[in-house]
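What follows is a single chain, given as structure tokens, in the form predicted on its own.
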Amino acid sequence: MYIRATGNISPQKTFGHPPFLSEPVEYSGNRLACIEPDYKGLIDAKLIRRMSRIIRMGVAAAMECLQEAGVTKPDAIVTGTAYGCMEDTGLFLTRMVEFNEELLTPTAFIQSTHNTIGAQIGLLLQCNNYNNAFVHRGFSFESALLDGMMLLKEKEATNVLVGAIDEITNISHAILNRMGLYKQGQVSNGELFKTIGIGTKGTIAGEGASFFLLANEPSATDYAKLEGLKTFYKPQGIEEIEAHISSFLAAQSIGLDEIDLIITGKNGDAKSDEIFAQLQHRIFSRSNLVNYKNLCGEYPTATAFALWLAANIIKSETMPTVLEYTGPKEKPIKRILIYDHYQSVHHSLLLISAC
């Protein structure tokens, strides 16, 4: 499968295809918020007023992706989200309490469902083709991606718009923070993998909207080729994780020595990062590794940002300084493995290569 175009709204300057992470944005605190664009160039002003923040981000990222590809109506739209429209959900629940469950308007509830973003994209494009949404927690994006790959493989479509969207709101951040998911005190995302973040509990909250147009035929403008995808649930120990990685690469008929770069989902949480630390001393001991969650934060569909990152590294043939890459500078990066896990439960592998 070929990645023909991308659209990405994140806590970094990624929308509109600016120079590739040349000006990384640093945050203070345990929450990273998306840098939102001027939506008026992509969405009708009358519609913007009725859209919640996550719907605006999802629609804008999808539109940017389609514009870059020169596609007006994709053959399929597939979205993945774990949290859905949290702002509308919080609004509806708050009004339930305030109005004692009486005289409630249904608008916030209707717009809080997880398939709202994909449906809104379809409505704006007047696209009646296949439209599906996946809500599989830490596998939400991977499930959407797998569905898109299957549609292309089975020749049910020639191009598929696949995306992942999740937001963090004041209410959801307060709840997750209380559960101990995030670091306490003054934290800088730029120091996440350095002295401040090493060996401590918690990570930093993130959010994002990333879309990709997948095609089954190559073109001159493709970013990269998506070679394979694998997910596995609650592995019992590091040996099982290594076995999954080895079997995945064997299925692609390649070895670890043929991987130029590994992008890991290290997030600054001591318990979560222990898996990556063990792999780095074992199966990844001779590999070149970089991390990315200091750029976008941690959220269930953050792997979509990693895929955007990998695709841009391959297409631009550049390595952003912020990634602190220590591998050979003269060797071009042609094949990238992404290994991520969400809360040590949902594990995924993605293999991307140059076209």
Partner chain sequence: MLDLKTQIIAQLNLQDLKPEDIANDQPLFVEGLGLDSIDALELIVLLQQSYKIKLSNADDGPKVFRSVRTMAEYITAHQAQNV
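Positions refer to the first chain, counted from 1. Nothing here was measured: the structure is a model prediction, and the numbers come from that model.
As for the form predicted in complex with its partner chain, it is not shown, yet the points below apply to it.
Even though its partner chain is not shown here, does Ile48 get within 4.5 Å of it in the predicted complex, heavy atoms only? Close contact exists here: in the predicted complex, Ile48 approaches its partner chain to within 4.5 Å, heavy atoms only.
Consider Thr105 of the chain shown here, and say whether it contacts its partner chain in the predicted complex, taking contact as heavy atoms within 4.5 Å. Yes - in the predicted complex, heavy atoms of Thr105 and its partner chain come within 4.5 Å of each other.
State yes or no: in the predicted complex, is some non-hydrogen atom of Leu123 no more than 4.5 angstroms from a non-hydrogen atom of its partner chain? No, Leu123 sits far enough from its partner chain in the predicted complex that none of its heavy atoms falls within 4.5 Å.
Residue contact check: Tyr233 to its partner chain in the predicted complex, 4.5 Å heavy atom: Flag for Tyr233 set to no.
Scan Ala277, Ile110, Leu93, Ala250 and let me know which has any heavy atom within 4.5 Å of its partner chain in the predicted complex. Going through each option in turn, the one that passes is Ile110.
Looking in the predicted complex, is its partner chain within 4.5 angstroms of a heavy atom from every one of His114, His136 and Phe193? Answer is no for this spot.
Based on heavy atom distances of 4.5 Å or less, which listed stretch (313-321, 298-306, 40-48, 65-73) is in contact with its partner chain in the predicted complex? Heavy-atom contact with the partner occurs in 40-48.
Could you run down 55-76 and flag each residue that has a heavy atom within 4.5 Å of its partner chain in the predicted complex? Sequence-ordered list has one entry, Arg56.
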